[in-house]
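Given next, in structure tokens, is a single chain: the form predicted alone.
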């Protein structure tokens, strides 16, 4: 995911700002890390450059 995406995405639960924590990145993209809501504290994983912004209960169902 490109860091510029941070200007347009928000927490799907309460529409608050997300904070980016980068674990792995190349020149232009974040490959792994987490997005954390500044209000509710919910975390969303970034895997293979793709942020998973599904609410927690839907993430568990999608993985099954």
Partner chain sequence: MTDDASEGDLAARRGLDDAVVYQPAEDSGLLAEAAVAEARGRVLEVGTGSGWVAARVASERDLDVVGSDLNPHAARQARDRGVGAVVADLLSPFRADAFDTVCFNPPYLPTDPENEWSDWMEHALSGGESGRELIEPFLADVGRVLAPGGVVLLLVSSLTGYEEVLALIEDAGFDHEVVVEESFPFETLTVLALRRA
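Not measured: the values here are computed from a predicted model. Positions refer to the first chain, counted from 1.
Below: the form predicted together with its partner chain, not depicted.
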*Any chance 23, 25 and 37 all have a heavy atom within 4.5 Å of its partner chain in the predicted complex?*
no
_Can you tell me whether residue 43 touches its partner chain? I mean in the predicted complex, with a 4.5 angstroms heavy atom cut-off._
no
*in the predicted complex: members of 9-32 within 4.5 Å of its partner chain, any heavy atom*: 9, 10, 11, 12, 15, 17, 29, 31
